[in-house]
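Below you'll find only one chain, the form predicted alone, shown as structure tokens.
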């Protein structure tokens, strides 16, 4: 499959002291259930394999719908470009940690899905976090799925194919694809409804992790090899953060407003449009905005500035030479000219950009979750003290926009 000629391309491996495992979790087979990929510190293992970056062809179809291109053509192109890449984590490897793990709930951007931010999620896990990357079912992901009960006739017929992530035999897989804006439809009501559902899904994922941590037996609809009972009492539920990119950045802010268990939030190139103005004064937790140089504009920054506070730490930095797609994994998986043509790459080396973002994030999380780690070595990054960073924003704000 795909991209044999570009051996140097690939998602950078995590740099922290722990090996990283990942597994998928779906609790309740319906569309109202919780679905996420979990990243966690794991035992070093010879046998474990790394999962495909894109879990199945339906996700390629969803990306095609999102980008408004022909499915069959794009499936071949995407498979050629991206089909051979693996996530830098060991599938279903045994959990192992030296202490209780702080928790991060991660929310993906518009048209993305749970696996596309593995460079960020695996990096956090390698430094001792348990990270749940939620796959949203508000029709903002390019594709996702759930299950329905099979009819009696389907159960009687042996011809219905089983899915690869085979589940109980009485369930059938249902795919849900990205919902484009209808002609003449106003965007705000749709996005506002979605951001509220997305925040609820982040809180639901946290509820499920809390249940797993308490030792309550859970039923994972997906048949994975991972032993969920090993996570009993593994999480530090006083130290929980929420994080997201773009629409996921707005989701993180909405989730902070709705759920006090989230002690702080990190918003990567947040798209502030979906949020109601009245939530801004109700968010009481620290927030860190990490922006790209090319995506932001005055109206969006002015909405971030509405969260400024004299008493709660609200920080903002901008990474020089970055574009909006410098945060998802795509930026590592295309050569220079394709990457720049498709706006997946900026002028900066993508590994350097994600490294700055990850280190600044870790420093911020240590400060606001009260962690006893060495992440404070990167404290200057929170204030934009680096040649590749701009403190605050590069966007020129007119008085009328503030």
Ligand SMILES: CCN(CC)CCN(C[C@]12C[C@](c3ccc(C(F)(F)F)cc3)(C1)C2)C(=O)Cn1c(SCc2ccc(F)cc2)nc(=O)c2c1C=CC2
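Numbering follows the first chain given and starts at 1. Predicted model, so just to flag it, every value in this text is computed and none were measured.
What follows is about the form predicted together with this ligand, which we do not show.
Q: Choose one stretch from 83-91, 112-120, 211-219, 280-288: the one whose residues place a heavy atom within 4.5 angstroms of this ligand in the predicted bound form.
A: Stretch with heavy atoms near the partner: 112-120.
Q: So in the predicted bound form, does residue 136 come within 4.5 Å of this ligand, heavy atom to heavy atom?
A: Residue 136: no, not in contact with this ligand in the predicted bound form.
Q: Taking this ligand as it sits in the predicted bound form, is residue 63 near enough to touch it, meaning that at least one heavy atom pair lies within 4.5 angstroms?
A: Contact with this ligand, yes.
Q: Counting only non-hydrogen atoms and a 4.5 angstroms cut-off, does residue 328 reach this ligand in the predicted bound form?
A: Yes - in the predicted bound form, heavy atoms of residue 328 and this ligand come within 4.5 Å of each other.
Q: Would you please decide whether residue 352 lies within 4.5 angstroms of this ligand in the predicted bound form, comparing each non-hydrogen atom pair?
A: Contact check for residue 352: no, nothing within 4.5 Å of this ligand in the predicted bound form.
Q: Out of 95, 145, 262, 78, which one falls within 4.5 Å of this ligand in the predicted bound form, going by heavy atoms?
A: Here the answer is residue option 78.
Q: Which residues within 262-279 place at least one heavy atom within 4.5 Å of this ligand in the predicted bound form?
A: If the 4.5 Å heavy-atom criterion is applied to this ligand in the predicted bound form, 262-279 yields only 271.
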